[in-house]
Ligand SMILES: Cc1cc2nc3c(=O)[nH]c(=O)nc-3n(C[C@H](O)[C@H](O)[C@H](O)COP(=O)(O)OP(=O)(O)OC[C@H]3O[C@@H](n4cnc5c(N)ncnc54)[C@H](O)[C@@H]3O)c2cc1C
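Before any questions on binding or motion, here is one chain by itself as C-alpha cells, the form predicted alone.
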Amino acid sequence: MRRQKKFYAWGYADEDLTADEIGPWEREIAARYGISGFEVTPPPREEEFTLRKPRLDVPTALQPIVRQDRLTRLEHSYGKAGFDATRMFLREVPNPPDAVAFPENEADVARVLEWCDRVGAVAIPYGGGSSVVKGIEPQATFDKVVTISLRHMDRVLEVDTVSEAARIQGGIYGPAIEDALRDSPLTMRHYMQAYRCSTLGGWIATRSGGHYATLYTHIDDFVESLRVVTPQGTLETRRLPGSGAGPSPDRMFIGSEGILGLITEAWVRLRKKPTFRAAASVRFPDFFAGADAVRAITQAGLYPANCRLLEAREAVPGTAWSDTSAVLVLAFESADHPLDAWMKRALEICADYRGRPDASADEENSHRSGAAGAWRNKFIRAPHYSEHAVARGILSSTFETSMTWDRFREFHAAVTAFTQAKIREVTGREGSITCRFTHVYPDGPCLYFTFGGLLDKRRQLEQFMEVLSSCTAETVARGGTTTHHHAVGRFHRPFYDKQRPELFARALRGAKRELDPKGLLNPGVLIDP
C-alpha cells in the first residue's frame, strides 16, 4: 500500500517533528525576535476543503488509471514551498486539477495525452510533487487540467555493471533507486533535501542539484540517454558516454520542466559505492575567510564530495545569533583509494585562511558528529519546520543563486543588505538573513540565502511573497541567476525572462511548436506557447 503524503505540507501524513524538536526551535525564534510566544493555527484537514467540481468526464477506458477524489486532487494542487503551505493553511485551493492520471506504461501516457488533446485539457507532468517554484500548479486561466503522475512507472529496468550505468523509469523515488541497487556494488548517490519525495524524471526535468558539492553537482552529469513521450510521439536518444554530434538532444529535455514531454526512462551513470571516507569540520573566524579557503580548495582540483560553507549561527545548535564565525563541512569519498592526502592538503589550505578543524568531532564518524553532524541532522529535518513556521506566522524561507568569485563579496553584501531592508520595510520589524554555499566551482559558489522574520497573519501570504519576490529579483538585477538548482516554474518565470536571451526563448518556442503544437504541456513554465 502506498504511504500517503501530507497534502498540505512536506513529508508523509504519518510523520512530524517531535515536541523535543519544536520546543527549542520555537523558543529560539521567539528569543531572536523578542516576543513571548506564538498563536498557532491548526493544520488543515481534508474535509475543510470544498473543491470545484471536475470540469471533465473520464472516458471508461481510462477510468482504471485516473482519479478525481478530493484527497488526490488536493495533493496535486500545490508544491511544497512555504507559500504553498501558507495557502493550504488559509484553506485556499481555488484551482485544483480536474483529474489526476497514473499511467503504468508509455502507452498509457500516450493515451492520456490523446485524451487531453481531444478535450482541450492542459496536461501537467508531475514527479514527486516537491516543487518549490509553482512548477506543477494549475492556473486560474486553464479551462481543464489533467495532472499526470508517473509514480507507477517506478522500476530499475536494467543495470550495466561493466559500464556502470542503469536504465531506470522516470517515476521512481530516490530511495527506491538505491534499494534496487543494494545488492550490487554500484550507487547513483544523487541525494538532495527532497530526495525521499522526488523522482528521477523530476530531477531531470528540473536540473536538480544533488549530493556532490563539486564536480558532479547537477543531474546533467548523470544522464546518458532519455526516453520522452511527447504529444507528437515518443523519442529516445542514443546511449553514449559522450558525443560531439551537434547540440545534445538530452540537453534539450534536461531542465525542460515538462513543457516538451514526459521523461519516462533514462540511462544514468552510476559509480561504485564509496569504501574510503575522510571528513572534517573546520571553523573560520568569519564567512569570508571560509570563502577564500573554499575558492582555493576548488581551484586546487581536489574535488571534495562535500564542501559546504555555513554561517555557524545557522549550522550549529546553541550558537549565539551575534556569532559571525563560519563552519566548513568538508568530506572526500572514494571506492578506490585512501583519502588522507586529499584531506591533508585541504586542511592545509584551510589553515592558510585561519581555519581550525573541529576537535569535538568523532574521527571515525566525523560526517555524523561535531559541527558536520549537527548540520547534517538539521538539513535533513529542515523541510518539516516549514508548516510549523506557517502555523505561527513566522517568515522562514530561502532563495539561491550563484556568482563568480571576483564579484562574490560585493554581491553577497548587496543582497544581504537588500534583504534586511526589505524584511524591515514589509514587516515593520528587524529580520534575519544567513548564507551558505551548497555547491562550489573553480569560478564561483552557489549562494543559498535563508531569511526570517515575523509576519502579520492577516497579510501573511502577501508579505511572504513580497519579500521572496523582491529578493529573487535583486539577485538577477545584480547579475546572478534566478535559481541555481530549484528550477524556474511559474514563480521564477518573470526573473528568468530577464536572465535568458530573447533569441534563445524564440528557439525554445520553436522546439515546443514541433513537440507540443497545441501547447498542452505545462503552459507558462519557461516560455509562453
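Since this is a predicted model, take the numbers as computed values, not measurements. So that there is no doubt, residue numbering starts at 1 and follows the sequence shown.
One more form of this protein, predicted in complex with this ligand, exists but is not displayed; see below.
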(message) in the predicted bound form, does C350 come within 4.5 Å of this ligand, counting heavy atoms only?
(response) no
(request) Considering only heavy atoms, tell me if A205 and this ligand come within 4.5 Å of each other in the predicted bound form. (result) yes
(request) Flag G452 as yes or no: does it have a non-hydrogen atom within 4.5 angstroms of any non-hydrogen atom of this ligand in the predicted bound form? (result) no
(message) At 4.5 Å between heavy atoms, is S77 in contact with this ligand in the predicted bound form?
(response) no
(message) I need to confirm a contact call. Of P96, G393, G129, G355, which residue comes within 4.5 Å of this ligand in the predicted bound form, counting heavy atoms only?
(response) G129
(request) Would you kindly say which of V294, A266, L262, V329 lies with a heavy atom within 4.5 Å of this ligand in the predicted bound form? (result) L262
(request) Considering this ligand in the predicted bound form, find the one stretch among 98-106, 181-189, 309-317, 253-261 with heavy atoms no farther than 4.5 Å from it. (result) 253-261
(message) Where, within 168-195, is there a heavy atom within 4.5 Å of this ligand in the predicted bound form? Residue list please.
(response) M192, Q193, A194
